[in-house]
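Read the single chain below, which is given as structure tokens and is the form predicted on its own.
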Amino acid sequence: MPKFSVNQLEPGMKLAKPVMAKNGMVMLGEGTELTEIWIERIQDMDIHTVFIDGPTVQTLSMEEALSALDERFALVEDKPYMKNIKKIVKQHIEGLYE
């Protein structure tokens, strides 16, 4: 579920989490489909970001993510259980880019 700036919101998007007022009151519930009016009200509430239903947008290329994985596991790859963990994480990363 990606987080969007309120300036990026478009009608038709659905909230993945409720929009809360500063006092903790739920203003718009999870699953609410945004309209122009709801977007204007969210912007007027001094809210900066909201969670939108949908896949998370990847900010790193797959090559960058795999390179970072290699760096993190460089000192422990000789341990069999860490090698297995790295393999699982690598498969997960590759799945994010399919």
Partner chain sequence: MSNIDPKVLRHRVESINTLPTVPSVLKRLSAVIEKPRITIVEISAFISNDPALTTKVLKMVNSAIYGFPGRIASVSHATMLLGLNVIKGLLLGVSVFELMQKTMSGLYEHSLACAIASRVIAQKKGMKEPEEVSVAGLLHDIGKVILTLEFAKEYEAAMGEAQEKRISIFEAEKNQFNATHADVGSWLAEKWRFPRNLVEVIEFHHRPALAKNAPMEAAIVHMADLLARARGFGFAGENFVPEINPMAFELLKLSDQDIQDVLQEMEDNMESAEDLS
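Residue numbers count along the first chain shown, from 1. Note that the structure is predicted; figures quoted are calculated from it, not measured. So that the term is clear: the rigid core is the largest set of C-alpha atoms that superpose within 1.5 Å between two forms.
The same protein has a further form, the form predicted together with the partner chain, not shown here; the description that follows concerns it.
Using a 4.5 Å heavy atom cutoff, 25, 49 and 69 all lie near the partner chain in the predicted complex. A residue is said to contact a partner when one of its heavy atoms sits within 4.5 Å of a partner heavy atom; residue 80 meets this definition for the partner chain in the predicted complex. At a distance threshold of 4.5 angstroms between non-hydrogen atoms, residue 38 is out of contact with the partner chain in the predicted complex.
A residue is said to contact a partner when one of its heavy atoms sits within 4.5 Å of a partner heavy atom; residue 14 fails this definition for the partner chain in the predicted complex, lying far away. Within 4.5 Å of some heavy atom of the partner chain in the predicted complex lies at least one heavy atom of residue 91.
In a rigid-core overlay of the protein, residue 16 has its C-alpha displaced by under 2 Å between the shown form and the other one.
After superposing the rigid core, the Cα of residue 91 is displaced by 2 Å or more between the shown form and the other one.
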